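Taking the form predicted alone, here's one chain by itself in structure tokens.
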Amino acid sequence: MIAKKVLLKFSKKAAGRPIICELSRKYDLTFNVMEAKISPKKEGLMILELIGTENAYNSGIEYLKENGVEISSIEDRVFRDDDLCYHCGYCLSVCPTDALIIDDRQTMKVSFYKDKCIACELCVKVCPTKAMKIRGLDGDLI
């Protein structure tokens, strides 16, 4: 089993259709909607975690593409400006996935593991220097 987080961009044509329901039904994928902004007859965006076998995941991604959905990774959605971070550790206490941890107790430097990040934005809210940043669903900095 694999679990991957993806950012989906729905075209106007695709936004009003039950594509995610069909994705689950046809390809035996479990999904977790992490964020969504979709309106019928308008473009929409969704952050989704897909869980299933690698074959099911790959087939599901192809299905999405065939139905006019653009797919990208969310790994670059949350990021750290290393020039602003002074490793205070505020982010450690709120990160639910240990994407932010102290690897070396000697240096006490905070490491950020994008692959563990679920873009919950909690670190962004508590960072006193605003070193943790987030891109909105449109790609602009928030």
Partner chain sequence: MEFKVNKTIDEINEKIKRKEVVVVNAIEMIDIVRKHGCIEAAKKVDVVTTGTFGTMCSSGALINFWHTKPKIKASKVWFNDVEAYGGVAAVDCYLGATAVKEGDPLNSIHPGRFNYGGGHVIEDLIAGKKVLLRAEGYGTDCYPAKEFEKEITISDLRDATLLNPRNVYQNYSVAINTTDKTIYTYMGVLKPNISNATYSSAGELSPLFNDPFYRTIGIGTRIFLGGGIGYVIYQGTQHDPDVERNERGLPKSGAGTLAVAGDMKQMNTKYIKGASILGYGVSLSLGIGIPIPIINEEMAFFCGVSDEDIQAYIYDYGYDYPNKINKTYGLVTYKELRSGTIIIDGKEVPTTPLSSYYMALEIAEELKKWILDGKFYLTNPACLIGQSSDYEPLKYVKC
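Owing to the predicted nature of the structure, the values given are computational and were not obtained by experimental measurement. Residue numbers count along the first chain shown, from 1.
What comes next is about the form predicted in complex with the partner chain, which is not displayed.
Heavy atoms within 4.5 Å of the partner chain in the predicted complex are found in one stretch of 22-30, 70-78, 107-115, 52-60, which is 107-115. At the 4.5 Å threshold, heavy atoms of Asp83 reach the partner chain in the predicted complex. Shown alone here, Lys37 lies farther than 4.5 Å from the partner chain in the predicted complex, counting heavy atoms only. Within 4.5 Å of any heavy atom of the partner chain in the predicted complex lies no heavy atom of Thr97. Cys127 belongs to the set of residues with a heavy atom inside 4.5 Å of the partner chain in the predicted complex. Contacts of stretch 54-76 with the partner chain in the predicted complex, defined by any heavy atom lying within 4.5 Å, are made by none of its residues.
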